[in-house]
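Heads up, the chain below is alone and in the form predicted on its own; it's given as structure tokens.
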Amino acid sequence: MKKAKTAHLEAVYVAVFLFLMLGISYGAISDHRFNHDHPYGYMASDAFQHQVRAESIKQMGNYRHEPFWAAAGYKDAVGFYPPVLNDLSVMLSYGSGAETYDTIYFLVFFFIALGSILFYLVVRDFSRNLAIISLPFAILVFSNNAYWGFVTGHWPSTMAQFFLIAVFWVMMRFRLEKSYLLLAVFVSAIIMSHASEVLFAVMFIAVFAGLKLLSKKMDSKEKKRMVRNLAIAVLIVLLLTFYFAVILKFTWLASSQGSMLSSFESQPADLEGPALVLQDLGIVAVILLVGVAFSVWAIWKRSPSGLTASVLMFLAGYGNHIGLVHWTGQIRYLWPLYFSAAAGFGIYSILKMSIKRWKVVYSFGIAIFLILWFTGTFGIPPHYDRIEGRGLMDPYHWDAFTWTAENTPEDSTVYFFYGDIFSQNAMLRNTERKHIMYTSKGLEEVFSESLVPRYVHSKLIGDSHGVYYAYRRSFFDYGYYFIEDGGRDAYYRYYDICDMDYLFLDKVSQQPALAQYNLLIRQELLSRDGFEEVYSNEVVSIIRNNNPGIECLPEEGVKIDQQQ
């Protein structure tokens, strides 16, 4: 009876913690709503990159190609991005009726929360008391810099790391019949979510299996079966991921952006992105280091367990010192979740020295204290840092973007004059049209000369980073539009305003002089034959050029009086 009550209490504890994690993360950033009228809480361009790609997959019904509005107008650029998160968001969108910009954002935080519970189960294989004490450390995923990684768009990596934790979980159960099938599925899911995390999966499998094979607790028959099952799992992974692996080879891995070894350095390098560092953890850093020492001793004395994953991923957080800068930064977004077991083991081991008969109620008591601490009740760092707000997008721009997507010819080109939020330019892909915008050089030139420009330095925007608008000539033969067009200079150059089909201008700005300048450009264009305003709201004006390609302005532009 006592064991049953404890089991029920544990189930309630885990369920409440799952909802707590969702509440302080997605709940806060989404204003505790699942449905919004526009992308809500998006804080940077990368977030819109994923949102647009998911929506395009929903519209196209597949992901054979990138949407042309994200590929400089090319309609046969291969769909190169790991698809799992996008595909799941589309399925949830169809199932729930919510927009993809809501479902994809929800899934990011849902799988972080679910990952904390799955890691709880990994640690529980070693000790239920340790699992209970360790779980609250996952709250620190939403502390300091790490939380910004999620709201600014580091999404596919979090999905891959959920499956990485699933690899830890299944390796704990590798003696089960045909568990290699699950291992193969989870490793394949990592590759199809964010391939670089497979490096850490391989590291863990190698360490865990190596320790098992060296252990005297396994007989020769069991060791042979483990080696055989691992080999079968590798073959299944190769089969499941073959199609995407070919794309990966000829896109990400064909450039220095994607090669894991291209940036391998012998000297320490800074972490990439808003990743958590040990200094952010305050007193928890001391607890953690003590716990790592105890954990290494326990692994050595006993056998591989959830502590192995915790220590290994703590050490992986320092991979930047051997050149794995980008990959280490990604891992550190969920670093508190990984090192939770080691930190908890430090507390547990020290207290066990003076408490000989440990009761599970002690573990729950410590867990409640840690939850209160890490959610900010005591105001002692480190703790959860709330991020909220509608983000970069507003209803006025969103309405203008969707109007453009629904009311302009598919082959139109949209030109963007200055806008405060347009520097996060992946959001502009929501026009679902080929689009060009000012560069800072172009803005400086025309603004300083007070011109309505005919030719202005601008950039043709798309997602060429690292993949160069790759397209297939055959299954194993790829071309690259970005390189064939002449590289960056072909896209960053002087463009003729008279060639544009639609001109997109913001009427308001945090810099009033630039807003006034846009209004003067608008006024000048509308005074000329061939231009008409086809859309307007309180913030945005869209002007159509009815005669694209025809001379509409003098080559030197038109001087305007900013004192009007």
Partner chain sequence: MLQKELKMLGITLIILFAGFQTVFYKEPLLSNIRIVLSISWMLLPGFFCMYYWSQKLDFLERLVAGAALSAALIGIASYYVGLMGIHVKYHLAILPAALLAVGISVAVKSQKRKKKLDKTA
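Numbering follows the first chain given and starts at 1. Keep in mind it's a predicted model, so treat the numbers as computed, not measured.
What follows is about the form predicted together with its partner chain, which we do not show.
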| field | Position in contact with its partner chain when the complex is considered in the model of the complex, options 31, 538, 529, 37, heavy atoms within 4.5 Å | value | 31
| said: If the cut-off is 4.5 angstroms on heavy atoms, which of these, 333, 314, 418, 169, is the one near its partner chain in the model of the complex? | reply: 169
| field | Options 45-53, 497-505, 516-524, 22-30; stretch whose heavy atom lies within 4.5 Å of its partner chain in the model of the complex | value | 22-30
| task | Flag this candidate site as yes only if 299, 350 and 353 all have a heavy atom within 4.5 Å of its partner chain in the model of the complex; otherwise mark no. | result | no
| message | Considering non-hydrogen atoms and a 4.5 Å limit, does its partner chain approach residue 383 in the model of the complex? | response | no
| query | Taking the shortest heavy atom distance, is residue 94 within 4.5 Å of its partner chain in the model of the complex? | reply | yes
| query | Contact between residue 59 and its partner chain in the model of the complex at 4.5 Å, heavy atoms? | reply | yes
| task | Using the partner position in the model of the complex, report whether residue 453 sits within 4.5 Å of its partner chain, counting heavy atoms only. | result | no
| Taking its partner chain in the model of the complex, which residues along 61-92 bring a heavy atom to within 4.5 Å of it? | 61, 62, 63, 64, 83, 84, 87, 88, 90, 91, 92
